[in-house]
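As structure tokens, the next two blocks hold two forms of the same chain, structure 1 and structure 2.
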Structure 1
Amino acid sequence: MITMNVLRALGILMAGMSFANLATSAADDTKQPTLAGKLTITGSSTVAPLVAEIGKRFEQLHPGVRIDVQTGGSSRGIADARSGLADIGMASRDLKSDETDIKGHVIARDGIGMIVNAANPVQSLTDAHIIDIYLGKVTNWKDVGGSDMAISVVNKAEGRSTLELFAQHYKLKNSDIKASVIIGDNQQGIKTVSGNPGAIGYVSIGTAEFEAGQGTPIKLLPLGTVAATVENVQNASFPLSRSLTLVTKDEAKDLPKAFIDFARSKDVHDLVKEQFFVPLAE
């Protein structure tokens, strides 16, 4: 009986579609319970374009489902998941050890690389150099093996999880960082550094690699001995990398679980790569 009702509902839904389509869809849907309803997902503006694309593909597979993606930052994604304002939150970081009241589901990885202008002769910087530069102790490239040129420090705006990750890795306090330019997003960082020969900044490796490949005059610096490449982020050998995480209040079930499983599956690896992130290891 239930199957009959489902079939009838599907029939009404797809009245405009051809009979052949109806037959195949109905056959697909009898194997698993029909998914229907609306999912609201909020959070990180870094993760949002990826999840929106995954959502579109999910909607195509399950015509009764609507997935609304909203942005506002990782903190907001976690807060909204916790308060129930959103079914799923998005965060561009791993959950902290004290965030045990919520569940995290990693869907992809992202690496942060230090970038300088392509015209800058510096080939690598030590961790100590980077810390000194960001604390304003070194203000000229000649002190770290470069030419005589003032360093323009590009930092992210407060609240960005990239900044959180960067500051955590170098054990810096944001209030101590002496920034010349404060930027919001990866693209803005790349634009700032490509337009300023003395600038140094940190952005997503996926994005930086793509832009450098497109001829944007920027250069990714290795971290210690590890080159800043997508491969090294995937095999987790690159230290400055992060997870893109979906967050739910409780153990996900029903529609949220189906969506999260789909977002973690191989079916979306092409979408992850299209957004210049690194898919989960297979």
Structure 2
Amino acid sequence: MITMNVLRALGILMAGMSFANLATSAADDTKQPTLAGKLTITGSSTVAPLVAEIGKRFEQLHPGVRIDVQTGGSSRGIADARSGLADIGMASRDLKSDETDIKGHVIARDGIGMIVNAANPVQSLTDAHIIDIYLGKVTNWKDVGGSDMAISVVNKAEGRSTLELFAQHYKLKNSDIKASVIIGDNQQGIKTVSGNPGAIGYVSIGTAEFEAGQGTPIKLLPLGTVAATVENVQNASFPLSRSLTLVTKDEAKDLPKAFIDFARSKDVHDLVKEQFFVPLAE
């Protein structure tokens, strides 16, 4: 027979279990909601491969999230973020002083280097040489210490931040550049120069360094006396470098903020280095 004391004990136990369940439920309610949804990220072809790799890792951590990365240049990334066509834009530069209506979030750094075909005997060019080549004043490599061979000038398409930074550094106007070939992304530039012994172009140092290491017939020229290497971008001795930036229309919230925070964290420094860029300071 169940005694009154036993019933009282069972009542206390059941009440305790109910309280514990309520406490657990309340604690669960305070947890962050599971991230889910789709992010559209557009812009710089320099930044895109890195963001794509970060996106894959982010998706693994958050199976309910899908990241769609599209290229088209920094101008597109900024325009799409500004108009709302993209959740996040990509730009391979810092934001300008007059771009106060959007927000920039730096995720890494990169350098821009001059490349020539590996068969070209020229080992260096002065700033004056580069300016004269791009203005069409020098059209043969023999005039700058090379072989008797026509120079093929490879330039970036309008709207690419690499072009903007290159022109700014050498004080050139794009309208004055006498280009033989207009290219879009870094891979197009590398392909063009590697396939033409007389070509010269400028691309991401990280991408060029990687391609040269894989046997692609290109070589990076120093800028003045400073070698064009990722190491020199990292130690701030290379003068032509830039920020890789994610752009949002307003202060990032919810899923975009979570992704940007992840892209700026130490959790992706290995991916930044694998792309031959320079991570944010430890």
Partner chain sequence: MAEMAITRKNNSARDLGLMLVVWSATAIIIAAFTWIIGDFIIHGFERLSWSFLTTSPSNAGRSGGIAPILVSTLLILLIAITVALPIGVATAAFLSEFTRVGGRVRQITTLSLDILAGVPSIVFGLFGNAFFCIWLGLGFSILSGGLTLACMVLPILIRTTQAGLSSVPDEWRRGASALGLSRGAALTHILLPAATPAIAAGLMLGIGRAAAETAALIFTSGYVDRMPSSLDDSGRALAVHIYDLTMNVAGGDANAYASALVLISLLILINSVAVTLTNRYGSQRITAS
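Along the sequence of structure 1, residues get numbers from 1 upward. What we label the rigid core is the largest C-alpha set whose atoms superpose within 1.5 Å from one form to the other. It should be emphasised that the depicted structure is a prediction, and the values quoted were computed from it without experimental measurement.
Only structure 2 of the pair represents the form predicted alone. Annotation: Cα of residue 219 displaced by less than 2 Å between structures 1 and 2, core superposition.
With the core held fixed, residue 90 shows a CA shift of 2 Å or greater between structures 1 and 2. With both rigid parts superposed separately on C-alpha atoms, the smaller turns by 16° against the larger between structures 1 and 2. Relative to the superposed core, residue 260 moves its CA by 3.7 Å between structures 1 and 2.
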